[in-house]
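To begin, one chain is listed below as structure tokens, in the form predicted alone.
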Amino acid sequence: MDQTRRRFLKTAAMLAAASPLSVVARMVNDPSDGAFTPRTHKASVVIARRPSVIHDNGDIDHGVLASMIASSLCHMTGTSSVAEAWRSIVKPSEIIGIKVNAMGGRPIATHQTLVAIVARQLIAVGVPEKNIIIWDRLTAELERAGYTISRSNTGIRCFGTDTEYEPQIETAGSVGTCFSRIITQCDALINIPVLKDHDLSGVSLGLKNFYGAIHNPNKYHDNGCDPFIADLNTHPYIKQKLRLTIIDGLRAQYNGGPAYKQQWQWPYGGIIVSRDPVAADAVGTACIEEKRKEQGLPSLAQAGRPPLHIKTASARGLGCDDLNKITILRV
């Protein structure tokens, strides 16, 4: 039994009692938590926040986080159990790629606990372990973020693209690139980025996380990465495979990103979940803007780095960026 499987089974055992598949979502109205108002529209985003999800020593509470994920998915899909929710999102026969963000190192990477819970819930609805790939741009970055690397075909896989790109150049609007061979072999994608700002594009959330799927992201940072981020996400490898975005805001960063800057990190203690990648990023951006205002910092636009790519992505038909037309639920 390899290290990844042992670690996963240990996590699964810890979660078994805390995260039953029959967990039913419940609404909690929290007027003190930001300035969002639920509205009726086809685009919906669920925000789940629990102060208790982060212990005083910084550890993540498995049971609380599992409940947050279950509640979010049930509300988003209108189902009564997390099992039903996942069955409406993926099929057990599919190869599922879980795209994380590890480039900033362990303090600002996608939390392993969050990924482990998602993987367990997928396995519980019939997805074989070997059909789950946890991945990012570089294996070394995943290791620095604390992930255990495994390429075994008998359990959950976790590794980076490294130099393994498809040889042919694909085009998507203004972007010409070679895609990771991981993304091309996946049937479905679950995107789990981090809630953080970016020194050029304003924010580095779900849409930008797919810069980790191409061989030449360095070419596409002019003009705040716009329209390049949006154009990249129109490619069928992403647009047709992306099933869900879960923005990891357990510990978020409102300034100084994408690298880790401790002085600007805060325990948001939440996740932002949506099937609409543009809506997820719009809501995530609003959370960062709210925190910046609270801390006396200028808005991202005033700082000279408005997240233009989010509006462009909406114009490309990838989702809704208008907070007035997004149903925002707090659970």
Partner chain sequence: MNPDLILNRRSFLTVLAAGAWYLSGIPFMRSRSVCAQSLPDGSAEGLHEVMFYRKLEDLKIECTVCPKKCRVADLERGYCGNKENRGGTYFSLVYGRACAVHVDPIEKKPLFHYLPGTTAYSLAAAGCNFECRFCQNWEIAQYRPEQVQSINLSPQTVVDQAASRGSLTIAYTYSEPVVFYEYMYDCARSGRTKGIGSIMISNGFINEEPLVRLCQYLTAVKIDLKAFTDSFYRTYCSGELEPVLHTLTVLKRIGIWFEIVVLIIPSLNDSPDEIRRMCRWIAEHLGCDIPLHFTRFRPLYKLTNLPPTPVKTLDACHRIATDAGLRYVYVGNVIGHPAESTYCPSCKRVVIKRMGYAILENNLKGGKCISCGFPIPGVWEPPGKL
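Numbering follows the first chain given and starts at 1. Quick caveat: nothing in here was measured; it's all calculated off a predicted structure.
Just so you know, the form predicted together with its partner chain exists too; it's not on screen, but the next bit is about it.
Even though its partner chain is not shown here, does it sit in the predicted complex so that Gly104, Thr163 and Asn216 each have a heavy atom within 4.5 Å?
Contact check passed for all of Gly104, Thr163 and Asn216.
Using 4.5 Å between non-hydrogen atoms, is Lys239 touching its partner chain in the predicted complex?
Looking in the predicted complex, residue contacts with its partner chain do not include Lys239, since no heavy atom lies within 4.5 Å.
Under a 4.5 Å heavy atom criterion, is Phe159 part of the interface with its partner chain in the predicted complex?
No, Phe159 is distant from the partner.
Check whether Arg87 has any heavy atom within 4.5 Å of a heavy atom of its partner chain in the predicted complex, and answer yes or no.
So Arg87 does not count as contacting its partner chain.
4.5 Å heavy atom contact, Pro258 and its partner chain in the predicted complex:
Contact with its partner chain, yes.
Hey, of 243-251, 147-155, 193-201, 116-124, which bit sits against its partner chain in the predicted complex at 4.5 Å between non-hydrogen atoms?
Of the options given, it is 193-201.
Of His111, His235, His75, Arg137, the one that lies within 4.5 Å of its partner chain in the predicted complex (heavy atoms):
Contact check passes for Arg137.
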